[in-house]
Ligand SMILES: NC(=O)C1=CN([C@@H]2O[C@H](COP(=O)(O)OP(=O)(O)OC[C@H]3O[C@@H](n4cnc5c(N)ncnc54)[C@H](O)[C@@H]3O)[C@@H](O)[C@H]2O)C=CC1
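In structure tokens, the next block holds one chain alone, the form predicted on its own.
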């Protein structure tokens, strides 16, 4: 365990240098890791573990699209791919990667197979933290922990294939065997984490729900929509409004922030851009701070979790979701974006060579 300074605060982190893959393989050599769910996080985590030499199996409903996807990805029915209940029976570590709503529905079946000494692994603190709403209360004789990659399962897999790693948090809720720490860290390395930082279940889900609704997804779409609307209302074309609102941010500026930080990005922009950004960022902070405080309070009091459970458990959830996504997809801004993306050089067909 290394102690690193994050802006003046020391935190415990685990790096791949101190906990190499060979050590993770040794810790997990007698384990059967059963990945339950093959939707958002399942494929990336399962495939990365498989490629890292971990004994991983997938549990999924037979004759479903996700079952077929697992087969296409190389999992073999009857060998490394099983119906959910058989995978639960075979697994010594249960990676519970279904959606939060689906976890609630399947919990009675999962709990039945959590025999003494097994481990229950999450990638989200939702089910445990809000257990009064979810009903997910594990037996006392199993380890319970989480590894939460800070990104989608798609990003986790892509970065793994590029030889990189997505940073993840880890937390231990229950250590029944005395081996929870080495088990969770080994799994964190095995799924492809670049490094692991320490948290707890409550902090993970509070920060995660705030982030998803805030700067990661909700706030960024709201800010995009507001600026685009202002530019269009002032006579700017869709292509100009989209380029100045989204394309320049995602294609040019954010990669610079990711590489070296906001101050470096500012220093490498025009002096006019620097001046404007420095003059306006605190105004945007002050304008949005009350919204973020309201958001965090809604998360901490369980309002957001209850709304998610109520909404995502409805039988027509998928149809309603598609209608909301369609509204985004068919908006002028994102239709303009579709055209803009098609014009990127990497998306152009090679020109024919004329002899």
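Residue numbers count along the first chain shown, from 1. In this text, all values refer to a predicted model and were calculated from it rather than measured experimentally.
The same protein also exists as the form predicted in complex with the named molecule; that form is not shown, yet it is the one meant from here on.
In short, of 254 to 262, 227 to 235, 271 to 279, 93 to 101 it is 93 to 101 that has heavy atoms within 4.5 Å of the named molecule in the model of the complex. When the named molecule is considered in the model of the complex, residue 129 lies well away from it, no heavy atom lying within 4.5 Å.
Using a 4.5 angstroms threshold between heavy atoms, residue 66 counts as touching the named molecule in the model of the complex. Not displayed here, the named molecule is approached by residue 105 to within 4.5 Å at the level of heavy atoms in the model of the complex.
Although the partner is absent here, residue 113 is not a contact residue: none of its heavy atoms lies within 4.5 angstroms of the named molecule in the model of the complex. None of 239, 89, 109, 152 but one reaches within 4.5 angstroms of the named molecule in the model of the complex through a heavy atom, and that residue is 152. This chain appears without its partner; in the model of the complex, the one residue of 180, 159, 84, 249 with a heavy atom within 4.5 Å of the named molecule is 84. Contacts between 25 to 41 and the named molecule, taken as any heavy atom within 4.5 Å in the model of the complex, involve 37, 38, 39, 40, 41.
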